[in-house]
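One chain is shown next in structure tokens, namely the form predicted alone.
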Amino acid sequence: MSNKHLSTDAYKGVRDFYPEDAAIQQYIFSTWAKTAESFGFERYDASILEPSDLYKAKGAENEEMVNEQTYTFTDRGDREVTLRPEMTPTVARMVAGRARALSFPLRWYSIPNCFRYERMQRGRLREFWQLNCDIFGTTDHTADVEMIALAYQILIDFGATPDMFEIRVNDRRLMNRLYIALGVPEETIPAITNLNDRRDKIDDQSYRTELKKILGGNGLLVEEIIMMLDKSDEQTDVVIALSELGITNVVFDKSLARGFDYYTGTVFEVRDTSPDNNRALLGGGRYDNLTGLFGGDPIPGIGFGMGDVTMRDFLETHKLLPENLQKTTSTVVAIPADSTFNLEAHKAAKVIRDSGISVTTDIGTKKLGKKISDASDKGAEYIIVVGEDEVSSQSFSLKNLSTGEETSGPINKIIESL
């Protein structure tokens, strides 16, 4: 048998959540949920396992993700299964499955665990959680406005100010019309869209070279496309409506593409304006044909996804994380005077807990004074010390850690004062 020790490292690209990290994650999740529900969104969920066909269907995903970034395996029943790389195909499947029974428009949100085998970089890991919000059942542009307003409000609810982020908006249908008006062959538009998705990540010459290749060497058309993309005097109904809502940190960006093939109309992205974290925080768009993959009439939808890794980076960059998130959930800490009174402290804690009050016990080996300061640091409101005098008299002292005020008496009296 080998004496080699197992590594304490996590699998590459995933995270361990120690209590301080779990506290931050919980803060992010709870703020996401609270804001989504304030807009009337209902929570749903699904398994992380999906049939691989869901992502291979034409129009369901981009090829790079399917071919290079999914965790896919064959199960014991010889079925090909994929750990979901994102949630939109799943929610489209769920909505299509109950289309006749659901009442539209739907407002649904979820915080799924997702997996992508991709190159790791700042804000991007192989396992992540993602807030997904979607509206199904309406093509009205005000649904697009509502989705972007929700994304805006989420960042505001984390304490951000509008100057900390920028909302970029485009429209796939409008772009198709503009390309065709320039004489761009219709069959090349998807390749140009995918190239535009990388435009801000490559230099200008590389962009021109790749665009020229897509257009069969037509250099004049390349320059006309670039002029059209960089001319930003147009507006859309969505951008105008957002302004009327008082959301003014919006830019109409004709280069914005969003990589998924299923987008059919409005696409949008929110970017951090800090040079220390200059990246997209969330993205989404309208997909009016995706549910049609499952048969029946297509149900229009619009949604976005926002990752927990990029969310935390944003909060840390702008110093928006609240202090002392890692607090105990207990109102009272029962502290034994020494280890011989550990069980008695548990007994007192149980009586108080049975009355509906949260209690923990500190049965560590630190000195009494240090235990009291630890209780205060973890956010407890009260302490009870359990020692020889308390056990023999069955009279306890409850100390309020913020005021220093003490209440003494039998345990029933302590519970009443709590």
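Don't overthink the numbering: it's just position in the shown sequence, from 1. Keep in mind the model is a prediction, meaning the values are calculated, not measured.
Keep in mind that the form predicted in complex with a small molecule is missing from the display, and what follows is about it.
- Residue contact with the small molecule in the predicted complex: residue 124 places a heavy atom within 4.5 Å of it.
- At a distance threshold of 4.5 angstroms between non-hydrogen atoms, residue 88 is in contact with the small molecule in the predicted complex.
- In the predicted complex, at least one heavy atom of residue 134 sits within 4.5 Å of the small molecule.
- Interface membership of residue 84, defined by any non-hydrogen atom within 4.5 Å of the small molecule in the predicted complex, is ruled out.
- Proximity of 116, 128 and 306 to the small molecule in the predicted complex is complete: all three residues have a non-hydrogen atom within 4.5 angstroms.
- Residue-level contacts in the predicted complex: of 336, 265, 283, 300, one residue has a heavy atom within 4.5 Å of the small molecule, and it is 283.
- Of the listed positions (310, 193, 110, 330), a single one reaches within 4.5 angstroms of the small molecule by any non-hydrogen atom in the predicted complex, namely 310.
- None of 159-167, 204-212, 275-283, 342-350 except one has non-hydrogen atoms within 4.5 angstroms of the small molecule in the predicted complex; the exception is 275-283.
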